[in-house]
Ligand SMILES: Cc1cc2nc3c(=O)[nH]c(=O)nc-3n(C[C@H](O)[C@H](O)[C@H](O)COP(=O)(O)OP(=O)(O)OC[C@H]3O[C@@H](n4cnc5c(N)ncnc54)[C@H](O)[C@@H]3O)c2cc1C
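Okay, here we've got a single chain as structure tokens, the form predicted alone, with questions on binding and movement later.
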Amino acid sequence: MTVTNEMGSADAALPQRADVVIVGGGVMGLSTAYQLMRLSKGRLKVVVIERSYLVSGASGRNGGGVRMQWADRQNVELMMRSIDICKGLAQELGINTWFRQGGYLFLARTPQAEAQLERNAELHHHVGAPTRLLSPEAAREIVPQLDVTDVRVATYNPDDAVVFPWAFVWGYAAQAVKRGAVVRTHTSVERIEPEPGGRDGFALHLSTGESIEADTVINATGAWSVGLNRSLGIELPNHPHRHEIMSSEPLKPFLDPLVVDLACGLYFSQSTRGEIVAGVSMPSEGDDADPTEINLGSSMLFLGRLSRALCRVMPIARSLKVLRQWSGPYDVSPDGDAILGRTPGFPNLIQMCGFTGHGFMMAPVVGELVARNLVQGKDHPVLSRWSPGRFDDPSYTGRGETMIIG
């Protein structure tokens, strides 16, 4: 058996019916598949259907940041658990994830950002997260190459981390298959229909001409979720946003934390191979033109904006050679919170979308809590807070945590 087959394949045999079909073979879908098989001890019949190769979508195109520095208590606690899971994943999944806890260093240049970081540090202290509020000079002690001329304050959490995204996807896929899940790649779900006869299940029609029935379907397609939902007449307010990243020539290791400049949305870290991996916030022009069209092109506009931002905060980057740049889709929700849980009108359709650029870092814990809900009936407050039905609730305020950063 080849390594490809051990992680799924384009010709993996599909059953006629499954307990759970997960549409989307990214880190979110595969984390959930693995947890479903683990918690059910292989009793559930689980199928994952991926439209292309593993890591072809957003899961293979992100910067690999994993942080607990959030402004919301529930998000902090979720990510503390996610990071705790990540610490043991290399051994649990049997693959080197290149998990490196160099920390996250946030820089604030405005009074508003300063106040936010101060509130964050106080919140983190209460929940037990080791985040420290730092002066600009103390931030430069952590990264001596920084220019902190107009930085007002910084926060640093040494437990925040960076990983190699592909290894997470591969590890989850291999262990899900090992426990009995079927992972079918290079196969699209063309449409999904409710089962006839009043049953709550679904029939999924595939690009190969095959079909498969399922008691429960999980929509883990991220930025591609709009099209799948529309095949059932479901309209949710998430939409794709193209996010670009670049990678530089390898340098001698000098940068431990992932650095975030809140003034412009710049983030950058150094990989274990020495490259500087960086992204920056860009305008959202055209995002709403057609949410079923995903643009994965690159632009000189991004490179110019990133260069100016990076050289401002780290002047030694002026001579840095860029080796490549690429883009990936964020799946943006209007309030910044994910869209997670049972779909109004379709209780056996689970939405896992709208993570607004943070799905990769949340996947370990979200996969665990969704699997516990389906296998053990255990609820979690986040399933209510992030419910797809919240947008139709008259009491919905639309306020979530909207920071879109690595």
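Start at 1 and count along the sequence shown; that's the residue number. Keep in mind that what you see is a predicted model, and the values were worked out from it rather than measured.
The next section is about a form of this same protein that is not shown, the form predicted in complex with the ligand.
This chain is drawn without the ligand; in the model of the complex, the residue among 35, 62, 69, 351 with a heavy atom within 4.5 Å of it is 62. Site annotation in the model of the complex: the residue of 245, 151, 134, 183 reaching within 4.5 Å of the ligand with a heavy atom is 245. Contact check for 102, 168 and 313: none of the three has a heavy atom within 4.5 Å of the ligand in the model of the complex. Only one of 120 to 128, 90 to 98, 216 to 224, 152 to 160 lies within 4.5 Å of the ligand in the model of the complex by heavy atoms, and it is 216 to 224. Looking at residue 328, you'd find a heavy atom of it within 4.5 angstroms of the ligand in the model of the complex. Contact check for residue 359: a heavy atom falls within 4.5 Å of the ligand in the model of the complex. Taking the partner from elsewhere, residue 24 is found to have a heavy atom lying within 4.5 Å of the ligand in the model of the complex.
A residue is said to contact a partner when one of its heavy atoms sits within 4.5 Å of a partner heavy atom; residue 57 meets this definition for the ligand in the model of the complex.
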